[in-house]
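Next up: just one chain, as structure tokens, the form predicted alone.
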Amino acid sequence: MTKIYVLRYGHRPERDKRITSHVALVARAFGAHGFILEDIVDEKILETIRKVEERWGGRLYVEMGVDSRKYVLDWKKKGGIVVHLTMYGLHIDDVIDEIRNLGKDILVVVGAEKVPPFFYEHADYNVAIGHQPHSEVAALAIFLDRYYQGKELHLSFPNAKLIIVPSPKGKKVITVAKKEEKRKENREKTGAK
């Protein structure tokens, strides 16, 4: 099974905290297996990811403080491919099938600041979601959606404490932990195992 990891480079803690958190949460919700943050260890972002996992389930591999250039080169040495999301790349519709059919692990690179030439030069694919300025969060979501062909929108995560029940109006949420606690209480009261 192909694994997809997301590398966020250029994170500026004072400016990008919310956007970087959103990149990580989109990576998790849309089926990526890991989130890698360049240069810095940002405990607030890690805390945000872990809180979401605690309530909504799943486990995203997270690594922080990496040298992004070295990470990209090591990824390629291990046989994975690097997809750099940039509005200057080839249109996603022209390359997504090719990327999917390679069957190789993918490192999706998304930036926060001006992109160093290194990423354009070392990416196996420079991919544009569109050729207009847009958010890296949107680009990542669309890339993962196109890669998984919409299947990721139906993901459910193990160990979820909260599960949304689709509803045409209002909000319906099942609290799994409370159901399990009630079952356990009932078993204890009745002596059932």
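The numbering used is simple: start at 1 and walk along the sequence shown. Note that the structure is predicted; figures quoted are calculated from it, not measured.
What comes next is about the form predicted together with ligand SAM, which is not displayed.
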Checklist entry - Ala112 near ligand SAM in the predicted bound form, any heavy atom under 4.5 Å? => result yes
Checklist entry - Using 4.5 Å between non-hydrogen atoms, is Arg146 touching ligand SAM in the predicted bound form? => result no
Next on the checklist: I'd like to know if Gly130 sits close to ligand SAM in the predicted bound form, meaning any non-hydrogen atom pair within 4.5 angstroms.
Outcome noted: yes
Checklist entry - Quick one: is Lys161 in contact with ligand SAM in the predicted bound form, heavy atoms, 4.5 Å cut-off? => result no
Checklist outcome for this item: From Met87, Ile81, Leu73, Val95: within 4.5 Å of ligand SAM in the predicted bound form by heavy atoms is Met87
Checklist outcome for this item: In contact with ligand SAM in the predicted bound form (heavy atoms, 4.5 Å), from 50-58, 120-128, 162-170, 33-41, is stretch 120-128
